[in-house]
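Subsequent text provides structure tokens for two forms of one protein chain, presented individually as structure 1 and structure 2.
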Structure 1
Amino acid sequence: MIASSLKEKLIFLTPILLITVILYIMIATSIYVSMSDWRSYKISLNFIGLRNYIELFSNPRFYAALRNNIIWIALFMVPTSFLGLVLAYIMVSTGKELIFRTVFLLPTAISMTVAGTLWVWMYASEGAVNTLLKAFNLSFLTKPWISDPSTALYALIFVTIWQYLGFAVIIFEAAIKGIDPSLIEAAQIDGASSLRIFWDIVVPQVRHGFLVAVPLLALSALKIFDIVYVATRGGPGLATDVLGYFMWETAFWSRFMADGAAIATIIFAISLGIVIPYALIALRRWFR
């Protein structure tokens, strides 16, 4: 065993201990601010209990944002992880992974701010999406995608799928490569079809890929902010409003810090439901 004295422990761990302590103090501070009366540029930290939460829960905008977040999580997480798995499987079977992997990774590598900007232009009334629809004689489907309240949310959700697909592909590609090839060979000898092999062998064998991808994708959709800020500012109306944007606008636009902190605390509380099990599973994998 490698010896470790107290002095050495300190060299290795002091920076991260300091940072971790700061982070947890900050979390506690946010929760405290959410129970204060801070509603202006000037800091004011008088304790007022849960009043901000009660007000928040009677604000219809809160429910609109929460609903959009829930839709976002569902319509983002499921297709991205499933499509990621299918594509990874197809890519591995062609053996030309390198080029296709790069294609799907480029959107993953760029900022969501720019992704949003590029897609605002794609979705413009004379933009690429409508131009393509017209070219395929589907003119009746053209619309101003992100200024139409009935499509705005789904248009933005699609952009996040576009961005994160590469991430899902990477996770599942690694998972598929971990499958014992003899399992698939045996099934092929038994005459199983590719579809059967996919459903009965690949999907169950990559379940740890889902355990990694699904929580992280859910978290990304829960904290979503950048694209809403750059593309729609929550509009039209509240069609694309989400908790992350509602929080920022409340705290840093209206300067209702305490109310913003209350929304942040709710986002945090929901996230713990995902993060704690995720960290526990990772911990077990880590120190087995």
Structure 2
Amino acid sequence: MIASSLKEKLIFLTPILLITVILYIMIATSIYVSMSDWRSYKISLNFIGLRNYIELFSNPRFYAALRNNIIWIALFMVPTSFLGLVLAYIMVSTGKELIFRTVFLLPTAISMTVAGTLWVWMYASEGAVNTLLKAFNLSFLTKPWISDPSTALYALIFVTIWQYLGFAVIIFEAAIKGIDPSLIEAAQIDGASSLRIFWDIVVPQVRHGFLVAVPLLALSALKIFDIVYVATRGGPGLATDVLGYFMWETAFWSRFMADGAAIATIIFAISLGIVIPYALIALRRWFR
């Protein structure tokens, strides 16, 4: 019996341990490569310390990409979380969950590459967005959305909000359904409005939903690459450049593998800065 139980545990634990070991080996390898002199097609792993990082921190493009990533995280994470909660509340309170799921989950099912191609067409000078604005006599608002440095970044951020909104809705739908129905029923008997119920009961009770959604959305914005690659290639200028695209171009286009690994290591460090506080809060919540 004991041998059978041990065998079952090994069946499940072995793949997990194997993947974990491979993952940490790859992380360690990437960190070492970032401290090497590999800057050509030919592999070279001579240790040069922090020289690549020093050069990276003196590169203006790095700060432009980092700035765009920070803006992307803030303007993507906050609206997506809040709209996801509002729409989830409307879904549950109206009972129209099937319709809402279909509408908001459809973009989530589309790959970011396909979504980027679709929105490049929609943002074109004669694309759907400008055509609709002209149809509503708002021609003064038309512009080349992703060709204008002042709007390109925000246009791409909107695409990611559109695509990830369904993800946030599902998380908050599950959180709202976990609220004790008697709390809402008591508030309704007392004559509380839907808005009052939302702010005073729903929002405080779904904090664990934010605990899940916010870090995942922040990480998604931090590692954004495909929409930038498809739509703008970081342009115009450096208006939409992000760390993920900067890393790809440095490592796989310029063949400066060590510099690309340094950027990847910095992305990894920022990710830890997002994940570790989330993990600590989650552990306190689960084990208190």
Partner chain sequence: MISFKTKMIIAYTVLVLLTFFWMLPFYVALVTSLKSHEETYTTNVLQPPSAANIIPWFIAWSRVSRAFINSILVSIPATFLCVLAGTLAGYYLSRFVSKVNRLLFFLIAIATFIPYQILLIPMTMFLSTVGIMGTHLSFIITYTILLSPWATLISAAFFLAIPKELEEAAQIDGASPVQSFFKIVLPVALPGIISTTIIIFMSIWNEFLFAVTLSTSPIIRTIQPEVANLRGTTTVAWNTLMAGSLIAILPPLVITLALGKYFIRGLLAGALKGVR
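This one's a predicted model, so the numbers in the text were calculated from it and none came from an experiment. Quick note, the numbers are simply positions in structure 1, starting from 1. Basically, rigid core = biggest C-alpha set you can superpose within 1.5 Å across the two forms.
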property: Either 1 or 2, the form predicted in complex with the partner chain; result: 1
property: Large Cα move at I267 between structures 1 and 2, threshold 2 Å, rigid core; result: no
property: CA of I25, rigid core aligned, shift of 2 Å or more between structures 1 and 2; result: no
